[in-house]
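First, one chain by itself in structure tokens, the form predicted alone.
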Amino acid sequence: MLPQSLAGVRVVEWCEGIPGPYCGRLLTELGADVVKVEAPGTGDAARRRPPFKTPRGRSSRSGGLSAMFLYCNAGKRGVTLRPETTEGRRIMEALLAAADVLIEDRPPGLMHELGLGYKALRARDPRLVIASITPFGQDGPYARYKAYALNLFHAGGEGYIQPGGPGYGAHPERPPLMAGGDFSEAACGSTAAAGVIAALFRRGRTGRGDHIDLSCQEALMTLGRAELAAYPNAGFIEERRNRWINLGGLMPTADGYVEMVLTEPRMWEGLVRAMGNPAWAGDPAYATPDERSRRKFEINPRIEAWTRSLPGREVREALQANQCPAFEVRTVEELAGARQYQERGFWVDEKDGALGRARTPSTPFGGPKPHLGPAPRLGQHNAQVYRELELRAGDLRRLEAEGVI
């Protein structure tokens, strides 16, 4: 069962925001025991990121607990620690001595300055897998650059060709756009998780750990790896207009939008059948794909007149029944209530003592879904985790008073 694939693997996560914590979330879903390290008093900055979930289950822009933090950190054990201090570093070393994986997102060079760099940690434990997640990697002329998701998305090259598709047709001179939501940061976290799993698999064969130097910029560049390869080998430059589907594409419906693909003759034939074989579609001038593409300004308004007359669901079903790929543009609200994902168990209800029920998206794999439990409150598992390191209650009280934990 996939939810138990990493059972017995201990991960220490010293990260904030989304990429590192999302990587940790994915490992938690596979059964790893992830211990999240946060600064005493303040914790992960994502704790203060809206929207917030209140004890009554409502959404709020202030107060309550961050919905993003709750999702990215579900099922983890949380401790507070300052590894920058002498005693804090010793405790971190003790945590890592019992761990298989470290995920960290400190600026390049900082881990080395703290005595927690890859070479130092590898000397203590050659089996440790370390994933370092930074904007531009550990070396190179950009290594010390700062960046947020917006900077990185455009640095990765994808923003240059956004908006594509119908967005280009409507606004060809529009400045570059970033993909909405947290898509780019989650993509970096997914890439990091894949690297960790591969390193653990390799360790199982060789007995040796590894250092995964993840550049978020490069992780985002790999989303367009095929396009990147086309330029040095064929001189082809991907542009917005290359991604514009001339015929069909995004069409308004009676209650939203539907995206249809008409790139092959059979798809055009399916559309014509779905529309009831209108007389205009039999015009000899529309007989070939090239002719239809040249006459898109005649054809698209006729297709739009049909789609506007029907709800998106009916357009989708009519096209799918005739071998024409199509689907509605769905909102998050529509996705949350759709029967498809209810039946597959994609949405999982988790219980949180302070907030009640929390419904969250789970893994995309069929079969049993993991129930992770709530995200930790700040320092919630200090006593539990540190006692595993044989620290006594008196030591914990002193370390807390000194601001070490």
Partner chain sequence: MSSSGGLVLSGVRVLDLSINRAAPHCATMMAALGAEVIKVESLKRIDAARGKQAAADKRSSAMVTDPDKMEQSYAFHAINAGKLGVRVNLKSPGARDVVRGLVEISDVVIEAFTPGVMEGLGLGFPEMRRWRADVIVLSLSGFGRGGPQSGYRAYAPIFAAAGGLSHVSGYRDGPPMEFIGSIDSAVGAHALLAVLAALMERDRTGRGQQIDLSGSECVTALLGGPVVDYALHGLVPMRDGNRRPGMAPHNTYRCGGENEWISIAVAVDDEWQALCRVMGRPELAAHPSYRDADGRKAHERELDEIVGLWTASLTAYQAMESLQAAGVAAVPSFRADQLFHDPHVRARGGWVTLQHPVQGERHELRVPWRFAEGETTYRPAPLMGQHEGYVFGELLGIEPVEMERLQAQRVVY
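Residue numbers count along the first chain shown, from 1. Basically, rigid core = biggest C-alpha set you can superpose within 1.5 Å across the two forms. Just so it is clear, the model here is predicted, and its values are computed rather than measured.
This next part talks about the form predicted in complex with its partner chain, which is not shown.
For the options W268, W306, Y160, Y286, the residue carrying a heavy atom within 4.5 angstroms of its partner chain in the predicted bound form is Y160. When its partner chain is considered in the predicted bound form, only one residue from G117, P107, P325, P311 comes within 4.5 Å through any heavy atom, namely P325.
Interface membership of N277, defined by any non-hydrogen atom within 4.5 Å of its partner chain in the predicted bound form, is ruled out. Among heavy atoms of A193, some come within 4.5 Å of its partner chain in the predicted bound form. Using a 4.5 angstroms limit between non-hydrogen atoms, A123 is distant from its partner chain in the predicted bound form.
Though the partner is left out of this view, Q380 does not reach within 4.5 Å of its partner chain in the predicted bound form, counting heavy atoms only. Of the candidate stretches 88-96, 258-266, 277-285, 109-117, only 258-266 has residues with heavy atoms within 4.5 Å of its partner chain in the predicted bound form. Residues are counted as partner-facing when one of their heavy atoms sits within 4.5 Å of its partner chain in the predicted bound form; in 111-149 these are Y118, R122, F136, G137, Q138, D139, G140, P141, Y142, A143, Y145, K146, A147, Y148, in sequence order. The rigid-core alignment places the CA of E264 2 Å or more apart between the shown form and the other one.
Remark: with the core as the superposition reference, the CA shift of T331 between the shown form and the other one stays below 2 Å. For P289, the Cα coordinates differ by 2 angstroms or more between the shown form and the other one after the core has been superposed.
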